[in-house]
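Take a look at this one chain, the form predicted on its own, written out in structure tokens.
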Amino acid sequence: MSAIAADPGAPGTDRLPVLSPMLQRLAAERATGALMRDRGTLYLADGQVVHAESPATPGIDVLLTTGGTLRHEGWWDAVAQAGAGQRVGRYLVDSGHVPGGALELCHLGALYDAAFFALAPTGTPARFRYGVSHWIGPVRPVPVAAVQRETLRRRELLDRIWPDPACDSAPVVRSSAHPGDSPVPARQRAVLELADGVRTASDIAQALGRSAFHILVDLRRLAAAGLVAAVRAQPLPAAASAPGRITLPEVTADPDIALLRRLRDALEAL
């Protein structure tokens, strides 16, 4: 069984923000294993980040296949042939499915994308499982310092575009504003068309097969232009949670609204 270490949380510091003290300690000790955080997992080998995953962003399989770099059959062939041996990346290159350079670029993008979400602030303690490795296998390791620097750079970029992070996690909806004289670029228009009040940034990224961070950039720009807004959760009225209370919905378009209200009041009096 793999040993598990726990991260009690980040102490305060006046220096450059430390995204994960535990991650820095693991890098210093050249650890190998999986750092599991609230929004994703970082895989380390000899203290370097070799892969990252987050439910908030599409995986490398989606990025490779949606972009046309790899056919779906090629991906599943690699998983079937090399997944158990944790050599999927190497197999994709050796079998001719994907050029080595293309795999490295896509893997690096997926790693930074997932790490951005995995290293998001959280009150949940992290855990590290020693000896765990990912089935994608070695592609190109990245120093922990580089991952943290890129994560901080991305946070600063988003804040410069639009400081309100509401669109990052909530469903987004198109506003009634018109783009005006400045046409919306094609990439942003594709995002705008999926802002239906139900989908979140992660949902849009999955639908388009694009980096979730790049979707956040587009949404912040659209929000800054007044073209999208986050759907704010509406709190339930306090009366709705009162035990034994029967609540009927308000019906504003019905001409017999007074009758419905009398019926509601009678039911509540029971």
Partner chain sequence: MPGIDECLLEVMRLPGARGASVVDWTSGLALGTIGESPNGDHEATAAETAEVARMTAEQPAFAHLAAGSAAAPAEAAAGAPSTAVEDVIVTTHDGYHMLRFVETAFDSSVFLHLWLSRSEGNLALARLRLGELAERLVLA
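Residue numbers count along the first chain shown, from 1. Here the structure is a predicted model, which means the values were calculated and not measured.
The form predicted in complex with the partner chain exists for this protein as well; it is not shown, and the discussion that follows is about that form.
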The partner chain in the predicted bound form: contacting segment from 122-130, 79-87, 107-115, 163-171, heavy atom within 4.5 Å: 107-115
Taking G67, V93 and G100 as a possible spot, do all three reach the partner chain in the predicted bound form with a heavy atom inside 4.5 Å? yes
Any non-hydrogen atom of E193 within 4.5 angstroms of the partner chain in the predicted bound form: yes
Interface membership of R37, the partner chain in the predicted bound form, 4.5 Å heavy atom rule: no
Does any part of R210 reach within 4.5 Å of the partner chain in the predicted bound form? Heavy atoms only, please. yes
A186 within 4.5 Å of the partner chain in the predicted bound form, heavy atoms: yes
Using a 4.5 Å heavy atom cut-off, which residue among H134, R155, R140, R199 comes into contact with the partner chain in the predicted bound form? R140
